[in-house]
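Here's a solo chain for you in structure tokens, the form predicted alone.
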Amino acid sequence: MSDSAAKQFDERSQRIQDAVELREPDQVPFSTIWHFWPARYAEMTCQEAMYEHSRYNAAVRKAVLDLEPDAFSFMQPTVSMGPAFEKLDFRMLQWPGHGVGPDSTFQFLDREYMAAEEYDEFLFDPTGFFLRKYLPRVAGAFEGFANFPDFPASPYFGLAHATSGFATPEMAQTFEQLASAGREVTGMLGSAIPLVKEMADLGFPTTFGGFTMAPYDYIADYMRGSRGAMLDMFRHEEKMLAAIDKARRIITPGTIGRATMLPSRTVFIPLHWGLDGFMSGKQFEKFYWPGLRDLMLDLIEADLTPLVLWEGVCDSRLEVIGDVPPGKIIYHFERTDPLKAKASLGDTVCLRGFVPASLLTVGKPTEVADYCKWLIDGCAQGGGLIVDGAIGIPDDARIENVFAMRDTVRSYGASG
């Protein structure tokens, strides 16, 4: 790393850290989260981004060097997954060229993968439940695990007898498919991770390193489906609360273990079901907030910074979600009122996001600039603001609007 790049890396990192710790930085930081926007910027389709990881890496490199954000998002492990998904016969998404058009973003499939009657089985032995029931449901490659040996029930000679379960053609096929998928992921990461170091050597830190989810979303998104989860709050309250607590205890050590090996100490937590309109305030305080708050406190205790993306509107949650240690967390808001967020949370958390996706996608550069000035006037005083798109930079954001956002933050957000 050259001396000038090292200086820029330190300045950008300090700018972000000052915002997190609620100090006024030398200028308001501009940081990005994106998925397919770099591909569009490089005139690639979404399908090409998912299947040609070297080209997507080049697209990200071009976007970072041209846009010069204070931090950029390393999204290759989310975007460049097409070959591995095919090897796995992955069933939780439709993706470009595989269920949706070649230039459409991927679509999550909201389905039930665990029946309400299976809560007890999950709570008693989550690993066994995942191996024999959950994994074969979410990806065809795991179907051989439906008869995975029950080793805890087979001690002593039984351990050797149970190995016969690995001699079946179905199990052999599963291991072959998993190894093939693993080679795809290893190849993708092998080309993507050096890009992070290359960008750091050029002076650009990453927005976040690790990734995790709210314990309620773990149950609702990936196991019960949204309908099942909403009904469970009425029909299976105690078992659902026990499952949420179990999920938090499963999620936390894995999240900390992965995040502490990465260069960025920030952990991204996109939220889905705790917002206004999906559950009442009482349900939020009973089912959603306790598990999320405990998760964030555990991350902070591990010297990590939670970056929580509150999608949708959560104006009614502001008073509750302010019950966290000051200067330790970033709240990225999509459609929550910025001024209400500043008034309620400005002394507690760093605010991020806000620039509307619709404005970045169909607005004019002058309108983007005017919004950014209004946002800085209302939220930057005293520190604690990072400007980004409300949901990151939309895939279809107009190039001139993204640069207008960057330019306005640079010129209007400078201190003094």
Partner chain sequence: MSNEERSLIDAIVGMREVEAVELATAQLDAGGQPLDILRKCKEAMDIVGRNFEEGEFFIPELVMAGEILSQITAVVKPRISGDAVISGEPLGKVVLGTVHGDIHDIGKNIVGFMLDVNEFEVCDLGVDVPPDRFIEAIQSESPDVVALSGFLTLSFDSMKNTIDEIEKAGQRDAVKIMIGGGQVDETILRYTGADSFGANAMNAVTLCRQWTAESNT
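Remember, predicted model here, so these are calculated numbers, not experimental data. Positions refer to the first chain, counted from 1.
If you look for the form predicted together with the partner chain, you will not find it shown, but the lines that follow are about it.
Using a 4.5 Å cut-off to the partner chain in the predicted bound form, each of D110, S226 and E334 places a heavy atom inside that distance.
Only one of the listed residues (Y134, F74, F278, F90) places a non-hydrogen atom within 4.5 angstroms of the partner chain in the predicted bound form, and that residue is F278. Of the listed positions (W310, W273, F204, F142), a single one reaches within 4.5 angstroms of the partner chain by any non-hydrogen atom in the predicted bound form, namely W273.
A residue is said to contact a partner when one of its heavy atoms sits within 4.5 Å of a partner heavy atom; F234 meets this definition for the partner chain in the predicted bound form. Among heavy atoms of V362, some come within 4.5 Å of the partner chain in the predicted bound form. Using a 4.5 Å cutoff between non-hydrogen atoms, S104 counts as a contact of the partner chain in the predicted bound form. Although the partner is absent from this view, Q94 contacts the partner chain in the predicted bound form, with a non-hydrogen atom inside 4.5 angstroms. This chain is displayed without the partner chain, yet in the predicted bound form the stretch 387-395 from 47-55, 22-30, 387-395, 64-72 comes within 4.5 Å of it by heavy atoms.
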